[in-house]
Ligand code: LMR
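So this first bit is one chain, no partners, the form predicted alone, shown in structure tokens.
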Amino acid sequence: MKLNAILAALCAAASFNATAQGPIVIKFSHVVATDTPKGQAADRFKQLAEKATNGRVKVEVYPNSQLYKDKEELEALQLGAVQMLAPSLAKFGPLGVKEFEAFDLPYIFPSKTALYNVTEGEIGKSLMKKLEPKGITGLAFWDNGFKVMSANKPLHSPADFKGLKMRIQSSKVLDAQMRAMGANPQVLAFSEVYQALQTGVVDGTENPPSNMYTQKMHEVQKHVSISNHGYLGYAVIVNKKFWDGLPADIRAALDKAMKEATTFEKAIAQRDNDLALEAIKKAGKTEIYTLSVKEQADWRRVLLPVQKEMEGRIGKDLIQAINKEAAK
């Protein structure tokens, strides 16, 4: 009887929300700080969306895992507890859309131009389509640039990784990447990384500089290697049922706001990473090392076989198509 009463109340609330004159609320949850490229772009989308809809839409942004951690946020979106997320692309592998793990492959994108050839072309569109059976609509790819490696010891060659406990996102590709380097990968939620580094639960991690700086990881990491070995990007996604149920004019206005927010996000991502790296240098707690041409070649030699290793998981044709597109 109690369950029936709860269901009746939920139905009544849904009916009221659908007919009330109040604004449509979009809860936009993410796990990073507000001053990262993703955090700033989420706030920009809020401003643009509310203005474009003349207040008919209210966007509530919840940064820094205030609502949900890494493992929880996609389930929350599918259940409708939040309407919008911008998870890292690695998150879709555990959801069953393994093709997105192609973005985790080491050294698959030689430049931002190569990356945008993929995300803004047919490959990007087809990947977003694969989310729809999961109850998810993909709106845009956001950028956070190339990653550096950090630890409390210098990381100049693959041999330096031997035995280190390295934090990764939940990704079979990133697991294989760290194992190829001789490290022991440890899956941890992003919100838990600083403390894990501080207490020695893990020895090091990989991040774009903006994530490293805004989470203060440089305070507990003595060495950073500028390796640009991998890429970190995001997909801005919405609950499909919610999105499809919006009035057509509202959906069009939100689409336009998202395009503008995406242009803004891409413009600031590299700038913020460059500024973060300078800030880490100025803090004086971390030695920053740029790999030599020979050292970079050694890293590539050890890590490129991960692409072959992952063909059975991600799809040989997709990996080849990305490499072909990236080579243009």
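Counting begins at 1, following the sequence as shown. In this text, all values refer to a predicted model and were calculated from it rather than measured experimentally.
Although not depicted, the form predicted in complex with the ligand is the subject of the following passage.
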Note: the ligand not shown here; in the predicted complex, the stretch from 77-85, 230-238, 97-105, 124-132 having heavy atoms within 4.5 Å of it is 230-238
Quick check on this chain: which one of A261, V57, V32, I280 has a heavy atom within 4.5 Å of the ligand in the predicted complex? V32
Proximity to the ligand in the predicted complex, single hit among Q221, T119, S225, Q169 (heavy atom within 4.5 Å): Q169
Verify the flagged residues W142, E265 and N273 against the ligand in the predicted complex: is each one within 4.5 Å by a non-hydrogen atom? no
I'd like to know whether F109 contacts the ligand in the predicted complex, with contact meaning heavy atoms within 4.5 angstroms. no
Touches the ligand in the predicted complex: F92 (any heavy atom, 4.5 Å): no
Would you classify N207 as touching the ligand in the predicted complex, given a 4.5 Å non-hydrogen atom cut-off? yes
Might Q177 be said to contact the ligand in the predicted complex, defining contact as any heavy atom within 4.5 Å? no
Scan 186-221 and note down the residues that get a heavy atom within 4.5 Å of the ligand in the predicted complex; none is a fine answer too. F190, N207, N211
